[in-house]
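Taking the form predicted on its own, here's one chain by itself in structure tokens.
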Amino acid sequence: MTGVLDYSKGNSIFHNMNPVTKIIIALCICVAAFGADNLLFLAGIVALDLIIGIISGIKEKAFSIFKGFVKISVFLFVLQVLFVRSGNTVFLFVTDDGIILAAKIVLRLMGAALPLTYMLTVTKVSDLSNALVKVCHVPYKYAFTITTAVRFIPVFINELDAIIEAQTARGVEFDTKNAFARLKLILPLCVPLLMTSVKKADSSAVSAELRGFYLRKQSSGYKEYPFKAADILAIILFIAFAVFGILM
């Protein structure tokens, strides 16, 4: 899933929305996903997420993210089914309550995670931080911390890939199909990854200070983020969607 959080250029309705509107939309979908208790409605949320991805012009990336979450969800589904013992037995130790609960957890995970990743994909990180400061009046240091954490996720993934490639060149076989053996090989790489991450974080902190990080105020940004009619309409619709999800 390398690069899935990188900004994708486009001119879709979601690209042109106010960054704060995108945050509200993502949060409303998350509230609906965790508030609803109906399997069909939860499945509909996942379908809505995929439709949003297609409308945003990031179809390939949306389905790539979806496939990544499906792999994680399969593991969570099996794990949940194994540990739930209530309900009627369907097969061996698998119960109907376990299957239903596992399905709800998986659908909630995908329904809530997909819109958050889409928001980052169709929004520039700089616009996200500046909009939080300008519109939401969030102190710049907190907005910067949030967006920097998001920005460093693909950096850490690339660093891990580089370390794995270096170890592969030295004869370490990471292409094993045994998941436990692969995990055993990856765990020792956490130390060099942590060291490189600390160095990058330290250099970023020095660069921010040299550029006057502590002098930044709410009025420092030149770009404005006004709410348009489409933003207001989208906010109303998705708040109503979140309320409907809670009532479900």
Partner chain sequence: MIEFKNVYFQYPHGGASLKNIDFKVEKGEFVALVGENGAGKSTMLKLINGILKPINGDVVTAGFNTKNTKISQIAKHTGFLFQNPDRQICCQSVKEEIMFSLNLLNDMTAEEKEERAEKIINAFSLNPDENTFAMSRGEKQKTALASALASEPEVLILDEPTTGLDYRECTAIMDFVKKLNKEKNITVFMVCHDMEIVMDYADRVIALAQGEMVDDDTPENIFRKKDVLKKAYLLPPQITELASLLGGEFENCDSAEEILEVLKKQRKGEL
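Because the structure is a prediction, the values reported are computed rather than measured. Positions refer to the first chain, counted from 1.
Here the subject shifts to the form predicted in complex with its partner chain, a form of this protein not shown in this document.
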Problem set entry | Residue stretch of 159 to 167, 137 to 145, 85 to 93, 101 to 109 approaching its partner chain in the model of the complex, non-hydrogen atom distance within 4.5 Å | 159 to 167
Exercise. Using a 4.5 Å heavy atom cut-off, are Val125, Asn130 and Asp202 all in contact with its partner chain in the model of the complex?
Worked result: no
Exercise. Considering Ile51, Met195, Ala181, Leu39, which brings a non-hydrogen atom within 4.5 Å of its partner chain in the model of the complex?
Worked result: Met195
Exercise. Can you pick the one in Val191, Ala43, Val206, Val70 that has a heavy atom within 4.5 Å of its partner chain in the model of the complex?
Worked result: Val191
Problem set entry | Contact flag, Leu79 vs its partner chain in the model of the complex, heavy atom cut 4.5 Å | no
Exercise. Is there a heavy atom of Glu173 lying 4.5 Å or less from a heavy atom of its partner chain in the model of the complex?
Worked result: yes
Exercise. Can you name the residues of 16 to 48 that have a non-hydrogen atom within 4.5 angstroms of its partner chain in the model of the complex?
Worked result: none
